Ligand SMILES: C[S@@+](CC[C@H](N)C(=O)[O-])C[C@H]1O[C@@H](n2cnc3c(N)ncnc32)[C@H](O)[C@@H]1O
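In structure tokens, one chain follows: the form predicted alone.
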Amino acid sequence: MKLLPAILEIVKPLPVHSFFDGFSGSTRVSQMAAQEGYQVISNDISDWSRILATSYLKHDKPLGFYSELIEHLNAVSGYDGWFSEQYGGDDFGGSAVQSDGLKKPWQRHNTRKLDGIRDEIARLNLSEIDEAVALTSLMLALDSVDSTLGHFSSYLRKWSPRSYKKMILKTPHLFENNCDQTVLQDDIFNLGEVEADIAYFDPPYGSNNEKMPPSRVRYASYYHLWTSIIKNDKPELFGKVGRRVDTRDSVAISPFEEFRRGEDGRFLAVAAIDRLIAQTHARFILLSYSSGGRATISELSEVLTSYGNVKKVVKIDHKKNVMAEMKWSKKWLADNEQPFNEFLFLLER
């Protein structure tokens, strides 16, 4: 069972019209809510999420308008620019390991196109929304020819079959919006004045693996390359995968990912959830939580029950592809401290 149908099944019966997606990420939840007719406020601190949200939620032209722009970008000639230098690789009999011993996320024939197309998007001086659609198309095209595990914290030693394909931009699957949707890009704790009927939160939880070192890769690092493509700022890089220096663990850290305890002995991640719920102006709060996160079920229980009535708990077992509604009880808490499950908690304040 996918997460989106589960969220929709919980939300649809509720008397809500406005939907705040506080950690929108890929924007799939924001898109779903918009397509269902909700007034959406989509927020994420990342540049790439803002671009996706602007593309899908704010486009104001006929759905076929962007075909000419996308065709123009596909016709642009490629060249060896900054992206090819940093992230383009040659094929050594199927190996993605280059002469310097480093692996690359894309083959050079596609990073050459990336260099040409990204420069052309900048040259065209497009409106904010039109540029967002173009950049969304570029990210989707690059995603279809990469040689990664779905993120940019490590690259494959052998070129993936799809990395040999020629990158071709396509118009994103846009949909008509019936509401004037809102797109924000800010730290969630700077948005205390946002009001909505329901708030959906899926923060980047840290691992509860006690053996996980403090210097583990943070959420911001998984998609650092999208940030560089959006900003086109040719940043200073470090490490084997060429991460932006502004994604170092000491800089790009979310309190929800914190592995440490505070002076009171409480996990900082749990304290962050507490603070988040306390500042939220919504009758309903839908919290997504992975049982592999730093906060334990019992600790999360204490936070939620201190703010209202937990009306529903849904467990999603991704391995078994099943969804089940759970009863909120101490027995439930004991039975569900298992990894690899996703939980949705519906709180009414």
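Start at 1 with the first residue shown and count on from there. Computed from a prediction, not measured in an experiment: that's the story for all the values here.
Missing here is the form predicted in complex with the named molecule; even so, the following discussion is about that form.
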Check: Quick one: is residue 314 in contact with the named molecule in the predicted bound form, heavy atoms, 4.5 Å cut-off?
Finding: no
Notebook entry, point to check: Any chance residue 73 has a heavy atom within 4.5 Å of the named molecule in the predicted bound form?
Noted result: no
Check: For residue 204, is any heavy atom within 4.5 Å of the named molecule in the predicted bound form, or not?
Finding: yes
Next item on the list: May I ask you to check whether residue 46 falls inside a 4.5 Å heavy atom distance of the named molecule in the predicted bound form?
Entry: yes
Check: Does the named molecule come within 4.5 Å of a heavy atom in each of 111, 143 and 226 in the predicted bound form?
Finding: no
Check: So which stretch, 185-193, 118-126, 98-106, 160-168, is the one near the named molecule in the predicted bound form (non-hydrogen atoms, 4.5 Å)?
Finding: 185-193
Notebook entry, point to check: the named molecule isn't shown here, but in the predicted bound form which of 26, 67, 296, 306 has a heavy atom within 4.5 Å of it?
Noted result: 26
Next item on the list: Only one of 254, 221, 177, 86 comes within 4.5 Å of the named molecule in the predicted bound form by heavy atoms, so just point that one out.
Entry: 254
